[in-house]
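In the form predicted on its own, a lone chain appears below as structure tokens.
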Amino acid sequence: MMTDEKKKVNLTIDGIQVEAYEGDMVLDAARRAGIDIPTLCYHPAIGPIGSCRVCVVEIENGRGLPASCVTPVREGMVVRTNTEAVREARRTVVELILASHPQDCLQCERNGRCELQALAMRLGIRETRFHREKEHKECDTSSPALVRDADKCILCGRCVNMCADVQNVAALGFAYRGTDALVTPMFERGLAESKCVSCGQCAKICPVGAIHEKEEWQKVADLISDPNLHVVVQVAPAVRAAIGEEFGIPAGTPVTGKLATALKMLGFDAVFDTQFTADLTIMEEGTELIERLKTKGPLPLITSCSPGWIKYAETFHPEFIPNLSSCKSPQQMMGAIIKTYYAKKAGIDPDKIVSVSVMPCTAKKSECARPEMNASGRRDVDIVLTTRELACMIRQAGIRFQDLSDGEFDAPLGISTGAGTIFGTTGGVMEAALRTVYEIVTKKPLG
């Protein structure tokens, strides 16, 4: 009888008997056994790369020091992960990387969260024996969402693999060889000229500060201090379940009330909940679906709430463009309302209003910069901050987020049904719209 069950393999790692499966790598087997082999290029989201050579080990009767992330286990294998030769090899590899890496940790966006920095500390590297001059490359700031600093790139290949193999975009790749090698968009152009969809997964997976989100929180702090401006903020549903983690609160814990309080303490003139326009999106996309069903319009209807997906469809699958909803995303709906309805009701010149949004996705920075996002006759959303940027703002202000009492968003644009909460989960937008369509069509409440 055919079976998909993998064959078990027995090996010894640092004197410990370990059971693994055929096809496993030594690194995986070691970690399951409680042995932590250091890595730099390896990441579980993209699998083994084998470029950095930090995870080298000794294998009895083997040749050299193979990288454990790309070395398959085999029956009877004897592995040593902490010999003098292994430790020296790892230190040498990291020192060679540091030899051409900028020594500006205190100014780096990833200071305190840098994997290279942490690895050097772990390996006891306090000074380097090597030094190599590297051709300086200007930072690529062409993208509204991301910044590339090639000087800090360690050629680990994580961003290249993530962009090509996981996101299926392939906006980044390797160019040249040897000491001239670099990671770059095609023809060394800026990200804005590439196929990049601003999803930000490259920045998320980069171990150093070679690519990161374009920070604008300090700019927002300065604008709040200007007495001639009226700075308004809106917050996406997903942020309330994510920002707590930045302050030691368990991941996924809703901190809606604390978030509203923190934003008011930061000095925003009005604090609104994007769930208000999430409700509008539900109604608009639901109505659009009903209309397409009646007129036999393009189906299935695909929500337009994800700007990364919109750009992906426009670039790689234009055949799906007719299926996209014609509605703006909740962020852009709220931006338009703030610069029109809210401005009129509050008696404020729209040109004096700065519309800020806090979103979970770097692609939202690109979305607000699209030329068509000016329903109010001016840019509807001026600045987008990520959840992490808002956390930086809160820390700089000395606000102890975890100790805050619960506040409320401002009415009326802070009021919502709560259906928008499920926008924070995959498929949540269309689920909410379909619930509404069901009740409209059947005239029955959803039980």
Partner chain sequence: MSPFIRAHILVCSGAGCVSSGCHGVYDSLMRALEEEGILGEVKVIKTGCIGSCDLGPTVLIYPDGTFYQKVTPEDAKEIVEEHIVKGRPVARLFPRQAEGEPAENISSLNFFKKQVKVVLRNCGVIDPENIYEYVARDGYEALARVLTDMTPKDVIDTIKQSGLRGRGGAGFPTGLKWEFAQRVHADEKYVVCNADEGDPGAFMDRSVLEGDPHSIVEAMTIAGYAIGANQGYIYVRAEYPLAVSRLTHAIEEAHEFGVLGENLFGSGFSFDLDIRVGAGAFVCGEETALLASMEGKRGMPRPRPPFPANEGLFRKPTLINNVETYANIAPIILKGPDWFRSIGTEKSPGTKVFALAGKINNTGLVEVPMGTTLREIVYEIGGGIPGGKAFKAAQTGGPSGGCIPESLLDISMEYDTLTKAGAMMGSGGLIIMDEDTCMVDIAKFFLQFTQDESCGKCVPCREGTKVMLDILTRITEGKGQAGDIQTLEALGKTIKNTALCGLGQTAPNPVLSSIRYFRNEYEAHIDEKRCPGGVCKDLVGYEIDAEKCRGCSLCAKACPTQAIHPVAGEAALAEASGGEGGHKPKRRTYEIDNSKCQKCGECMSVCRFDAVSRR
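In this text, all values refer to a predicted model and were calculated from it rather than measured experimentally. Numbering follows the first chain given and starts at 1.
There is also a form predicted in complex with the partner chain; it is not shown, and the following applies to it.
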Which of 250 to 258, 178 to 186, 270 to 278, 207 to 215 has heavy atoms within 4.5 Å of the partner chain in the model of the complex?
178 to 186
Do Thr387 and the partner chain share at least one heavy atom pair within 4.5 Å in the model of the complex?
no
Is there a heavy atom of Thr81 no more than 4.5 Å from a heavy atom of the partner chain in the model of the complex?
no
How about Gly50 - does it come within 4.5 Å of the partner chain in the model of the complex, if we only consider non-hydrogen atoms?
yes
Does Pro72 reach the partner chain in the model of the complex if we count a contact as any heavy atom within 4.5 Å?
yes
Would you kindly say which of Pro44, Gly398, Gly34, Gly64 lies with a heavy atom within 4.5 Å of the partner chain in the model of the complex?
Gly64
Note which of Leu123, Val169, Ile224, Ile154 lies within 4.5 Å of the partner chain in the model of the complex, where distance is taken over heavy atoms; exactly one does.
Ile154
Heavy atom within 4.5 Å of the partner chain in the model of the complex: which residues of 72 to 100 meet that condition, in order?
Pro72, Ala89, Thr92, Val93, Leu96, Ile97, Ser100
